[in-house]
Each structure stands twice: as structure tokens, then as C-alpha cells.
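Form predicted alone, single chain, as C-alpha cells, below.
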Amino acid sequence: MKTPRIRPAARHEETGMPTVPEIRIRRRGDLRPDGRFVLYWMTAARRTRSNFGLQRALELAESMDRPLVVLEALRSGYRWASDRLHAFVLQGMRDNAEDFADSGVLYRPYVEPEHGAGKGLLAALAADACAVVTDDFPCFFLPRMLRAAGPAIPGRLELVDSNGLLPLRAADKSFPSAYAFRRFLHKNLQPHLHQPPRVDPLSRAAIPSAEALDPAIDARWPAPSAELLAAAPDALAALPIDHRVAPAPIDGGPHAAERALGTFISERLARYGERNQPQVEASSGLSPYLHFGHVSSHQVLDVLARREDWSVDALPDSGNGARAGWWQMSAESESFLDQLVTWRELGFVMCSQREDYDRYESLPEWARDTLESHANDPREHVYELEALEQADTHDELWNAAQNQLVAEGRMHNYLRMLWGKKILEWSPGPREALDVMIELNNKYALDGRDPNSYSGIFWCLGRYDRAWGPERPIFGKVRYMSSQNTARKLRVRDYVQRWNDAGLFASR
């Protein structure tokens, strides 16, 4: 299958603005001309800016001369639901309510007060809709949720891909390495960069203003209170979620995401080359916002382009897959873009191509063979999940990384790799190690449950890597890392002292 040829961006007949590229849309069913409104079911791209899904919903509303209703719902029964994850999403809902105000679009947030309470809401809204537009996200429970919701939507359903700079359907296979994917990007990405989303689609919306919903809908599925949208502790405490995982010390939402992006570009990017040092604040801090859809890769690239005085026309037509040089930017910006685009979207392509992306069997054959051949090797230390979760091991550097994950919902980038490697070393076998990594990461990390975080976890077991020598116990030919070598390469003393003195667990 050949990669689809890109044509110049189509333009809407009335506004003259570029329309959403067809390669980003999957659809089924027919439009219902007698519907009262177009419904945008916001599930993954939880923002109003640079959002192909919202843009497509507005295009349909304009073409049918109908109002737009936006539903952003938050379930309580998803796995790992907690105060931490709920608070981050709720703060985004608060921002979206503000951003949709006075736009003529009816924004309807909903938060389940108990498991299953939201059942029927989508169907009730879809019954009056000309079409339903939603986000096409390839990971976690969202694909299953969309499949289950299909029968409740009587007419047109459109799934719109706002995940990255490269449309997911532009790739027809997964890639074995970042190098292989980078070569593909160098040959295929540039035309798609000429088809960005509208930065502020609401500003050009020419649609009728939406009226209030049926009072019966509001009565059965009431809107959340201002206290709940602010993630107030008492409001969170009333929800049937895990209250042991506390909110993170950073705010969620598109407004916080834009502030974090501005801080990174103006204050941290210049020292991005030092990001492996734990005591240097040089990483972007954007991964939680990217995961929850509070900011998009296009927004990040736009800000970076202004900093670099760069345009897409500077890109060469092809490249050789090298990490540096293709973007025609500064070294620090190219290094950051390799993380934002190559590594992040490598995982998205994997999830879109393989339903078993989160299972042991998805590892490359060489990695499975070598891990299985060493599965019964003696382990000097074996820790149960509880001990690992409470950072109760003999390794002070690993404990510090785990403590940071529990406290902040994030972990230092380089130490995240060591964290996974040591779990492999301390588990009864590689399958058990994978289960532990997924559990701890998805429970505590704000950017967990995401294609990019699964890439990091599986990299620790050999995905996107190659066989290394010498062959070692437990690891076999999978790349080895040790705390001792890490401590020799990085300045970790202050990091270890800070996070092991945090007193997170009263039992210690």
C-alpha cells in the first residue's frame, strides 16, 4: 500500500479557510438533514485550539446551517481512575467552559457521580444530531469505547485524527526503530505540515447559536458544579475513584499547557541538551498536556517556529534518517523535535497498527527469545509489587525515581529508563516485569495510558532497540543499565537525597 499523495489543502466555500484533510477522517453512516445540531464528542483532543476534531465539527455545522453542541464527559469506571487523573481532566474542563463561553457553541461537560451513571447520555444527544464527530485516539480504552458507542449513533459518525503532525493513516505499518520511522518522516512528513489545523477555529465559525438542551437531559445528567470543575478536594472525595493517588502538584488544562509551553521555550529549551542531568530543569514538561489533549503538537511547533524564525518551506524534500539536521533548526530545537515527533508519533503509529501494543507478544522476536531463554536465571533481589510501589528496595537511586513518580506524577526522563530496567532485573520473569511497569506507570504517571508511555515501557524490554552484547543473566541480549553506571555518568546525589527524604509512605 502506497502512502496517499497529498494535494493542496481544500478550502471551505464560504470561509475560505482550509478544511480538515480527508486522510485524518474516518466516517460511517449518512448525514441526517433533519437533525437539530451537530455534536462534537470531545474525548481525546480536549481543547479549543489547533483541534482538527472541533474544526471538522464546525465545518459540518456551517455546511448544514446548524448549531454545534460539544459534549466532554468524564467516566468514573476506567482503570486507574483516581483523584490525580480526574483533577487534571476536570481542570481542563474548567478551561474549556471558559473558552467556549460567548462563542455560540453549547459546551456541555458531564462527570459521572457513580459508575455507569453516564450511560445513555451520548445516545440521547445523538438522537437529535445531524452528525456526531469525535476524536480518533488509538490507545487505552478509547477505541473500545468508540466501538461500543457506534450502535447508539443513528446517522453519521466521523472519527478525526488530531494526534500528531503525521496523520495516522499516512503510515501503513509499524516501524522497528526510531531510525526507520525517522527515515519515513523525512520522506513523507513535509506535505502534511502544509495542512495544519486552524489555530482558533471558533473565531471564524459562521453557525447559528445553540439553544439549551432538552430539560430532561439536564435533569438526568446534570452538569458538574463549579467546585467539581475546579477539582476541589471535597468534590473529588464524593466520586467513586481511587483517593489514595493524590492530585499532582501541577494544574491541568489548556491554559496551564500554554503557560508550560511558553516557559519551556523561553527558559528551558536553551539547555535542553542537559536534560539527562536530574538537577537541571531542562525537559519540556509537556507530556501530560499532550496526553490529555490539552495542547497539540501543532501548537508546540508553531511556538518553536516563531522562536527559530522558521517555516515549513525550509525543510528538504527527503532525508537520511539522521537525528539532527533535517528540521533546519538549532541543535536544541532539533533534539526536542526528535522527541516530540519521532519518538512520540512512533508509538502512535504502533498503537494504530497493532491491537496488541500493550502485550508481551508485541515485542520483537529477538527480544522475546532472549528474555525467555533467561527467564529462569537466578535473581539476587526479587520484589513484590507492593515493595516496588512503596520504593522499598535496596537501591536508593531507584527508590528516589519511584518516589518522584508517586509524588509528582512524573519521573526524570533518563531515570525512567533505569526504572524499567531494574524492574526487569528484580521480577520473577519478563512478563511479570511488564505487568509491574504498566501498573505503576499507568496508576501514577500523568502521561501514562498513552502510546508514548507504552513505547518507553516496552523499550526497556527491547522494542525499538537491537540486540546488545555481551549476553547477560536475566537481560540476555536486551540492553543493560545499572544504577552504578548511571550514578557515574550523572550527578544524582541531590536528587537521591531530595526524593528519599520525601517521607511519602508512613510505613517506612
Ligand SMILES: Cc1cc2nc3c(=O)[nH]c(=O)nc-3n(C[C@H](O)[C@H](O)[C@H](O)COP(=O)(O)OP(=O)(O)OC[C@H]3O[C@@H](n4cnc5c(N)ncnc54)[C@H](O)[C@@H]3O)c2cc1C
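Note that residue numbering follows the sequence shown and begins at 1. On a predicted model such as this, the values are computed, not experimentally measured, just so you know.
Below, we turn to the form predicted together with the ligand, even though it does not appear here.
- The candidate spot formed by 287, 336 and 450 is fully in contact with the ligand in the predicted bound form: every one of the three has a heavy atom within 4.5 Å.
- The ligand in the predicted bound form is not approached by residue 48, whose heavy atoms all lie more than 4.5 angstroms from it.
- The closest non-hydrogen atom of residue 60 lies beyond 4.5 Å of the ligand in the predicted bound form.
- By the criterion of a heavy atom within 4.5 Å, residue 340 is counted among the residues contacting the ligand in the predicted bound form.
- Though the partner is left out of this view, residue 248 does not reach within 4.5 Å of the ligand in the predicted bound form, counting heavy atoms only.
- Only one of 186, 108, 86, 344 comes within 4.5 Å of the ligand in the predicted bound form through a heavy atom, and that residue is 344.
- Proximity to the ligand in the predicted bound form, defined as a heavy atom within 4.5 Å, holds among 80, 360, 366, 272 only for 272.
- Here the chain stands by itself, but in the predicted bound form one stretch of 302 to 310, 140 to 148, 410 to 418, 96 to 104, 410 to 418, has heavy atoms within 4.5 Å of the ligand.
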